[in-house]
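Before any questions on how it binds or moves, here is one chain, the form predicted alone, in structure tokens.
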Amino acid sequence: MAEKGAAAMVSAEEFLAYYLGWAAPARRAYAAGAAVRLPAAAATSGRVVVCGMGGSGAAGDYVETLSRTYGGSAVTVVKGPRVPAWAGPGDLVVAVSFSGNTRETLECAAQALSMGAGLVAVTTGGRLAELARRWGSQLIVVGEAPAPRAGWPQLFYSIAGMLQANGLLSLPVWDVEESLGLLEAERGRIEEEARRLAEWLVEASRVQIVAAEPLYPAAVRLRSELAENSKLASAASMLPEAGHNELEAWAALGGSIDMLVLDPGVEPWSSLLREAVGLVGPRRLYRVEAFGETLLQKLVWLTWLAGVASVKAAVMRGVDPYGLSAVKGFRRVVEAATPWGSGEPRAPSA
């Protein structure tokens, strides 16, 4: 399926087909990111800030987790309008907005310049691309998609490729290639797993997503995909952290909770997840064992599954997976209530 502009209306079938065809835009995005060469002064401190909202911000969650696991720069993810007060010369700020018009991200980009940090804009176009060109900042223009959330591979792979190529993220090239190959070769597997998960979700009420700590970005992404595509509320948590607090409430609620477990299929994580579920005694349980050999591959697989299953669940529930009336309404509130996104670099407000 050809990539479409984010504003184009699409059917549920077209939306699903785009998710299933992630391989091609992912490979193009990785190549585009890997071709970027940052100025010598960029990220000399070893610190990277990724600013983005919604699905754009989620790309930063993955990069942060992969940096902690594989090695690389210290990554901070900002999901709001303020760059950290410590950011300055030698730090790199990656402003990510699929549409290019997210006001919080535009505000972060302007602040980054005011604070003397290096700036890379990642977007399909819009105001962010316009401002990056005017400011002379590095710009990565990614391919469009039917909706920003469906464009996760464009954002993630372009950022990962850019950081990897510039020595800021220690991802092995072979591992990235294996993850791209997974998207190309496993369409049948993902469709079957997504169908089973969607059928479980149709009967779900109070959904608690629980992931092993390395897989937590995928749990957050699944929560967002269920909210936007399936119009289904859920919560996302990780072990072992939840075992020190939330587990007590889950156990008290017991039979009223539907638990969706993201298991990497390795120890000690599988045992921790299994024992936690036993202590809760949920009403219903669905366990997903992540496919792939490495953390990167498992995260890509689970993210793909989240998108495909959430669209299938929407169709089964009789809801429109494409429309976002409440989210768009809130964006109008943000535009009316804040001065963010003027595009003029200035000192950050107190």
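Just count from 1 along the sequence shown to find any residue number. In this text the structure is predicted, and so the values were computed from the model without any measurement.
Form predicted together with fructose -6-phosphate: not shown, discussed below.
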| query | finding |
| --- | --- |
| Every residue of A43, T76 and L169 near fructose -6-phosphate in the predicted bound form, heavy atom within 4.5 Å | no |
| Sole residue of S137, Q164, S234, S99 within 4.5 Å of fructose -6-phosphate in the predicted bound form, by heavy atom | S99 |
| Fructose -6-phosphate: the contacting residue among E144, E228, E107, D91 in the predicted bound form [heavy atom, 4.5 Å] | E228 |
| M53: touches fructose -6-phosphate in the predicted bound form, heavy atom cutoff 4.5 angstroms | yes |
| Any non-hydrogen atom of G118 within 4.5 angstroms of fructose -6-phosphate in the predicted bound form | no |
| Non-hydrogen atom contact P148 with fructose -6-phosphate in the predicted bound form at 4.5 angstroms | yes |
| Fructose -6-phosphate contact in the predicted bound form: V327, any heavy atom under 4.5 Å | yes |
| Stretch from 55 to 63, 28 to 36, 306 to 314, 293 to 301 whose residues place a heavy atom within 4.5 Å of fructose -6-phosphate in the predicted bound form | 55 to 63 |
